[in-house]
Structure formats: structure tokens, C-alpha cells
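To begin, one chain is listed below as C-alpha cells, in the form predicted alone.
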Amino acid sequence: MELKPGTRLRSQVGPTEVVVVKSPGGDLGLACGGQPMIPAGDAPAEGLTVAETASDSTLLGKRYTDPDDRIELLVTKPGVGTLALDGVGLGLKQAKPLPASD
């Protein structure tokens, strides 16, 4: 699926919803809980479950990114299921340190 900034996606195996903040463009395989994510307005497929290896939870209002910082997602609804891009798990984006004020 081609991901553009502003695209809203949802998990097929839980309540997790995200908004794409940054994306390199092109076809990318974004998953939650081991299952492909779908546009926010679409209905999930029947009978899908969270993969045991992808059962971490997402946190409301947190940003997730891949190790190469190619994509950034903002969680708008938390839930069960690890976010992954092309099979590589996404991690919480770390805040940048503020400059010292002397």
C-alpha cells in the first residue's frame, strides 16, 4: 500500500489506529499485530488474530518509527499489536533533547 503523510490506517486485529506523519513513498508493507493495516474506513477481514510474536501494545499519542527513520506514525487509538514496516518492528520515537539555557 502506498503511504502518504496524513493517511489514516487501522489494525485488522484490534482497535489501533494511526496517522502517517512521515513516509518515503512507494509501496510499503505496514502491519499491526502481524496483519496488514487497512484504510481507517474499511472493515477488517473476518477471523484474523494477533500473531504471538507481535502482541505488544501501542500507546495513545506516541510516535513510532523504524530504525532507519524512514516512516513515522502517530497513534490516535491505542490497542494490542506491534507496529511493523516490511517485517521490521517499529519503536517509540525518542524526544530530542532541548538546548541548555544558560
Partner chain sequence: MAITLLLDLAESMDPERLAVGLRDEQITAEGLSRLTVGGAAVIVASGARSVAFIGVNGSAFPVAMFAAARAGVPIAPLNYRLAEGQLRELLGRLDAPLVIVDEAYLSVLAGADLPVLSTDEWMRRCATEPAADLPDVDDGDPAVLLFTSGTTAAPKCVVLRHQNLQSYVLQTVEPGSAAEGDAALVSVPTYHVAGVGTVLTNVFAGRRLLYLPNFTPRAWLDLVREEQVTFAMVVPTMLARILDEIGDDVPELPALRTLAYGGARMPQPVLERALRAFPTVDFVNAYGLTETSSTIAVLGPEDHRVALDSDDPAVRARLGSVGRLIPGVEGQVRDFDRVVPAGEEGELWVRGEQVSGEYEGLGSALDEAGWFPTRDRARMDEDGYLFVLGRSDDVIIRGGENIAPAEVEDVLLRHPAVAEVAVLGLPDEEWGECLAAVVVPATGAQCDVEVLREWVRSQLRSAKTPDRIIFRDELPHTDTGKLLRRQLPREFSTVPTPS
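Values in this document were obtained by computation on a predicted structure and should not be read as measured data. Numbering follows the first chain given and starts at 1.
There is another form of this protein, the form predicted in complex with its partner chain, and it is not shown here; the text below is about that form.
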Since only the chain is shown here, I'm wondering whether Arg70 would be in contact with its partner chain in the predicted bound form (any heavy atom pair within 4.5 Å). no
Against its partner chain in the predicted bound form, would Val75 count as a contact residue? Criterion: heavy atoms within 4.5 Å. yes
Is it the case that Val80, even though its partner is missing from this view, gets within 4.5 Å of its partner chain in the predicted bound form, heavy atoms only? no
According to a 4.5 angstroms non-hydrogen atom cut-off, is Gly61 in contact with its partner chain in the predicted bound form? yes
Scan 19-41 and note down the residues that get a heavy atom within 4.5 Å of its partner chain in the predicted bound form; none is a fine answer too. Val19, Val21
